[in-house]
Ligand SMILES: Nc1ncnc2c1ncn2[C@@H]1O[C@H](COP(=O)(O)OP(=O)(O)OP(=O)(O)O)[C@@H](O)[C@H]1O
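Okay, here we've got a single chain as structure tokens, the form predicted on its own, with questions on binding and movement later.
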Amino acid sequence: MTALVIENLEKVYTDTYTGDEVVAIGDVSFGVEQGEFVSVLGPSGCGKTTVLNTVAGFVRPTSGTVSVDGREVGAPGPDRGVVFQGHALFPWKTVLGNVVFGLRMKGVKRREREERGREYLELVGLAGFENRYPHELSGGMRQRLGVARVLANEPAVMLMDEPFASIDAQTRRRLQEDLTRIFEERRPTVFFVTHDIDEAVFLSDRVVVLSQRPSTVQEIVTVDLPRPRSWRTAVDDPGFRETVARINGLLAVDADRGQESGDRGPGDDGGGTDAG
């Protein structure tokens, strides 16, 4: 069953000062199956996060549609949960209070929501920290808490916007392995935005590679790696290395094509791809 369908998505922004139009997303279409982990990556400024924000309902598309479980997205809703790059936690609430907040808004009784909250805290490795506050946690622990908070609400689609980008490399790899373990245990439907090719391949069932702005889907690459996964075995797996090389090649060809055409729209940071 297809949980998320994006059809002919286009997003055009208008500069409020000059009136110039910038086409952020040209024509993007793909689907995510229920229980599938799909990552989206592409060159810097190609609109990866704009696609995610459109799915979340934070941004209205200029044209095209986004549907979750057969219902068109028009606004944020409980069927989509977002794990942001920033922690976006309530600093005045305890760890458990953050996890159960959404359940409380849904009217779930206190005993049930606290049981469910403790279950998900254990799942993400935060059992015993229920009464702590976000400022008492490390950056990696706060991201685990963000994952637990979204999972506790059991959304149809879990949206993750570069959640590990600001964390040190060693902690990031541990969190990536934790995320694969959680995915294997619970099989949520995950839409994951990243600038890191290795991360996308390690985590995903498929990787959607976007072109430069105005973005289109260059290719959807299937990741044929067995689960469970660990970095210790992945880096030596020929399939992992071949898939990473394949995506690197797609981005390199796209970058060369953009340089040849000289098509560098307003706001391009001139930094090539953000996928390395």
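Note that residue numbering begins at 1 and tracks the sequence as displayed. Small disclaimer: the values here were computed from a predicted structure and weren't measured.
Just so it is clear, the following notes concern the form predicted together with the ligand, a form of the same protein that is not shown.
| field | Residue stretch of 66-74, 228-236, 245-253, 37-45 approaching the ligand in the predicted complex, non-hydrogen atom distance within 4.5 Å | value | Selected stretch: 37-45.
| message | Taking any heavy atom pair closer than or equal to 4.5 Å as contact, tell me whether Gln218 reaches the ligand in the predicted complex. | response | No, Gln218 stays farther than 4.5 Å from the ligand in the predicted complex.
| query | Closest heavy atom of His195 to the ligand in the predicted complex, within 4.5 Å or not? | reply | Output for His195 is yes: heavy atoms within 4.5 Å of the ligand.
| Applying a 4.5 Å heavy atom distance criterion, does Glu162 contact the ligand in the predicted complex? | Yes - in the predicted complex, heavy atoms of Glu162 and the ligand come within 4.5 Å of each other.
| said: Do any residues of 24-38 have a non-hydrogen atom within 4.5 angstroms of the ligand in the predicted complex? If so, which ones, in sequence order? | reply: Residue within 4.5 Å: Ala24, and no other.
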